[in-house]
Structures are given as C-alpha cells and as structure tokens.
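Single chain ahead, written as structure tokens, the form predicted on its own.
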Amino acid sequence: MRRWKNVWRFLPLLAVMALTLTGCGNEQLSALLPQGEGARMQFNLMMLSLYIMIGVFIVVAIIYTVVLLKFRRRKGDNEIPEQTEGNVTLEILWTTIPIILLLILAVPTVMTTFALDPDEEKIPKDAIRVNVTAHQYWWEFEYPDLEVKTSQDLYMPAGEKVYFNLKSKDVIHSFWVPAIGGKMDTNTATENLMWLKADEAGTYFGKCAELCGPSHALMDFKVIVKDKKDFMAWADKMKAAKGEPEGDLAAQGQEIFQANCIGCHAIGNEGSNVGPNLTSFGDRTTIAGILEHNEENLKKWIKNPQDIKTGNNMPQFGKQLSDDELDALAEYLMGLKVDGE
C-alpha cells in the first residue's frame, strides 16, 4: 500500500507536465494540421488507423466488462464452471474480423502510397522541379528550368504540384515539411523523388528529420508559397539579380565579400556553391535558420559560427575583420533583397 501511495503522489505532477507540454512546439511543424494535398492524404490514413484502433478497443472493453460482471464468481457458488475447448464459430469470427480490418486499412494505404510516389514518366513537362541538396547543416534549392539557385528559403507556387529531386552532399538527411507533405531521406549515392502541393499562399516550416550530426536540431528551412504569378515574378528577379550594392558602406562590404566570401558563397551566377547561395539574403527572416534576421546576429554569426551551429563548415574568418569591416559586410548582405523592399 505504501508503494501505491508514492505512485499516486506523482500523478498531479504528471498531469501538470502533460498540460505544459501541450503548449510546446510549432503548429507549422505538426502533421496533424494538414495544409497540402500530400499531408492531407497521410493525415486521413492516420485517422483511419486511429478509428480502427479505438473501435477495437471499445469492443474488447465492452466484451471484457460484460464477461467480468456476468460470469463473476458469486458468494456461495462453489461449482467449477463448465470447461470447454474450441468453438468453431468464435474461431471463424476472431480470424475473419482482423482480416477485414486489415483490408480496410491496407487498401487505402496502398492507394495512397502509389499516389504519393511520383511516376517520372507521368510528370508534366511544364511542372516546376527543384533539385534539393542537403548539407551539414543547411539546404540548397536549385530550379534547373528557371535557372535559379537559392538556399534555406524554398519558394513554391500555390495550388500545383512541385517535384523534388533529393540528394545529400555528406551524410543522410531527411527532407520534411509536415504541414504540406511527408518526409523523404536524402542520400549521397542515390536520388529520391517526391512532390509537394500547398493549398494556399503562406509560409511553412521544414526540418531535417534524420539525425545527421551535432546541429541536426538546428537544420531548419522555410517554404514560402506564393500565387503562381508572384512566384514567377520572384524567379525572374532572382535570375536577373546581380547583387549590386546600395550606398558607399554597402560598396565597401561588396569588396570585402569578393575578397573573403566568394570562394564559398554565390550571389546570382557569380561565386561558389560550397556554402549557401546569398542572392536574396536580405529577404530572409532568420540567420543560419535559427537566429533573428538582423545585423547584430549576422555579425555574431560571421565572427564565430561554431558557437551558434556546432559542426558547420563555415570558417571563423570573421575574427580577422575589424568592426568597421564587419559593419560594411553586414550592410551589403542585408541589402541583398529580391522579394522584399
């Protein structure tokens, strides 16, 4: 009895913890609030399996309760109940019912699996395709037909399927946008193909869903969904962007960028793809996927990126720059806007 008393003492604490945890997290990272065709198909499968499990539980609980009450041993009843072995009717029932339930779940599961798996030969010729490359710990997005490259912020048109070729540059990652679709691994040796379709314009959140190193939890990205017209306008601006500075301080920052950063980062068609493409860096809402997008955080990142995202491949060259040089470089990068003002 004393042991059970100790257990009961923890129940209020567990209840408080459960209520507290329900307020944690981001609803955009929940597969239970689908806002896209693929996510809705998967959500419907989850709900179907849940309804089946709840139904089985209720039926079993009712039968158990009835048997427990009806056939319980009563006071003064010392007779041994009749012992029976084998019942053909029951054997048929508890074999047939699970088969029927499995078929109810299996048929839509198979249909959904084929619907979510894109057939390369059936992809429309005018469909938008994106080559996704996962790096430790950032995402690269290339639109081969539009001749556009970007990183961290994935742009999509609303209301139509966008097809993704997924691969990894280093280790296995997993591309996941729970609000509008499922997840798919990115491998180094093979490419995976998937599609996403968002219902409406808006901003959605994605993450890496495969443990990939010490900063796995910080490998975030955003999906910015626009109307088709606005999306095409963004693509045209990205293609034409040259990264021209505005003002003398930004011009000094461009010179510093050309001397120190161009070997890893690209702006427009100029530069390397070792690190994230910075063509529209000023439009982003975060730095390194996790920090608020402002000049102070940008300078902190440039000075010591390892303190912010452990294990990333960006060198700490920012420590070699003076405060004035950092100010100029930050002014230039924050001014690289394509989608914003």
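None of the values given here were measured: they were computed from a predicted structure. Counting begins at 1, following the sequence as shown.
Not pictured, yet referred to below: the form predicted together with a small molecule.
Colleague: Quick check on residue 221: any heavy atom within 4.5 Å of the small molecule in the predicted bound form?
Modeller: Residue 221: no, not in contact with the small molecule in the predicted bound form.
Colleague: Find out whether any non-hydrogen atom of residue 329 is located within 4.5 angstroms of the small molecule in the predicted bound form, and reply yes or no.
Modeller: Yes, residue 329 sits close enough to the small molecule in the predicted bound form that at least one of its heavy atoms falls within 4.5 Å.
Colleague: Considering only heavy atoms, tell me if residue 207 and the small molecule come within 4.5 Å of each other in the predicted bound form.
Modeller: It does not: once the small molecule is placed as it appears in the predicted bound form, residue 207 has no heavy atom within 4.5 Å of it.
Colleague: Looking in the predicted bound form, any heavy atom of residue 152 within 4.5 Å of the small molecule?
Modeller: Contact with the small molecule, yes.
Colleague: Hey, of 53-61, 306-314, 31-39, 66-74, which bit sits against the small molecule in the predicted bound form at 4.5 Å between non-hydrogen atoms?
Modeller: Only one stretch passes the 4.5 Å heavy-atom test: 306-314.
Colleague: Using a 4.5 Å cut on heavy atoms, which of 116, 250, 261, 235 is close to the small molecule in the predicted bound form?
Modeller: Going through each option in turn, the one that passes is 261.
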